[in-house]
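Here's a solo chain for you in C-alpha cells, the form predicted alone.
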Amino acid sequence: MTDTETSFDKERARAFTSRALGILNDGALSLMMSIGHKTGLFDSMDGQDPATSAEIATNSGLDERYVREWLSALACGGIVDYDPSNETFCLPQEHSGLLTRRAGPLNLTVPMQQISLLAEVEDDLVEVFKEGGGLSYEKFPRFQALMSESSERRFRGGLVNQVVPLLDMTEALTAGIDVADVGCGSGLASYLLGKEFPNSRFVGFDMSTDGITHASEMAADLDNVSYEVADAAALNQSERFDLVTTFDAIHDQARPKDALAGIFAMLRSGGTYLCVEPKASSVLEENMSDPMAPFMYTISTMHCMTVSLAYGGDGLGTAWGHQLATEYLTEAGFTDIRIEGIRDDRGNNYFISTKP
C-alpha cells in the first residue's frame, strides 16, 4: 500500500462530492434565475400570495408548461417555497429583495446573466488555453447590453447622491467644469450627470461605435453632453478636462498604462481622476475569503483578461487589485490617491486622485 493510499481522506472526498454536486445544481439554478429576471417572473411573484403555476403563468403572461418546470427547479433549489397540499408556489419576501428589479443594485439576477453569456465562448476559450492569445470584443455581442443594465442599476441609484459627494466637487459641477468619461459604454454616467449639472460640459469616449451611437441618441435632448469614438489608449486630449472618470474600464485595456497616461495628460493641473475598479487584492490569498472571488476570477478568465490578450495586451484581469492599481496610478503621475466605496456598489473600489 502506497503513502498516497494510506493518506487518502475519505471524509474529505465525501465532502467534495457534496460540494461538486452543489456546484452542478447551483450552476443550473443560476440559469433558471437569469430566466426569472428576463421573463419578469420574479417581479410578478413579488409580494403575491401563494399561487399555482397556472395562476403565476397567467399573471406573468407566459406559457404555463414552461413556468411550471421553472418553478419546480426553483422549488427544489430552495429559491421559492412550495406547498404540495395545494400545489402552490410563493417567492419569500426574504428572497425577493435580492431577485427583483425593485432591489436595484442588490438584484443578483442581473450578474447571473453573465453565466450564459460566458458559456457562449467556452469552446473558443478552450482553444486559446491551448494556443495562447485571446478573444476579441466581437465574440461577446451581448456584453454591451448586459453591462448597460448593470451600470443603470448602479448609476441611477448612487452616481449623483453617493459618488459626486466623494469627489467633493458638487459646487464646481454646479458652477460649470469640463468632464470626460473614458470607456463610457452606453454613456449613462455622462447623461445623468449632464442632466443634474447643466452648467458643466460632459464628453464620453468609447471604442464601441454601437455604444456611442446609442449614447448619442439617448442624450439628444442635452446640449451639454456629447460622445466620441476613441481608443482609451490613444485619446490625445491635452489638458482639456477638470474631471475624468472611468468605470470598470482600465483592467480591460490592452495597454492600461498608456490609457492612464492619456487620462493624466487630458486633465488640467489640479484636476481630479475617479478610477472605479473591482474591489480585490493583488494577492490571491487575500481574495480567497471573498464570497464573490470565484465569480470574479471566472469573469476575468472568460472576458476581461482574454479580451485584453486578444489585442496583444497586458491581460491584467478583473482581480488586478488595489495594490497594483495604486502603483499604476502613481506611475502615471497621480498623487493624493485615496480609496473609497459607496453603499450601492459594494463590488468596486473608488480610486480618487489628483493631477499636480
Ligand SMILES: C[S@@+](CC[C@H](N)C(=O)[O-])C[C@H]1O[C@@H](n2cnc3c(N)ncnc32)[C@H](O)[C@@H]1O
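What you see is a predicted model; the values in this text were computed from it and never measured. Start at 1 with the first residue shown and count on from there.
One more form of this protein should be noted, the form predicted together with the ligand, which is absent from this view; the next part is about it.
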| Which of these residues, Q237, S208, S72, T174, gets a heavy atom within 4.5 Å of the ligand in the predicted complex? | S208
| Exactly one of G194, P105, G134, G183 has a non-hydrogen atom within 4.5 Å of the ligand in the predicted complex; which residue is it? | G183
| task | Give a yes/no on whether F155 approaches the ligand to within 4.5 Å in the predicted complex, heavy atoms considered. | result | yes
| message | Taking any heavy atom pair closer than or equal to 4.5 Å as contact, tell me whether Y227 reaches the ligand in the predicted complex. | response | no
| task | Please run the contact check for F202 against the ligand in the predicted complex: heavy atoms, 4.5 angstroms, yes or no? | result | no
| message | When the contact criterion is heavy atoms within 4.5 Å, does D242 count as touching the ligand in the predicted complex? | response | no
| message | Check for me: heavy atom within 4.5 Å of the ligand in the predicted complex, for each of Q144, A232 and D252, yes or no. | response | yes
| said: Among the candidate stretches 252-260, 157-165, 93-101, 125-133, which one is within 4.5 Å of the ligand in the predicted complex when only heavy atoms are counted? | reply: 252-260
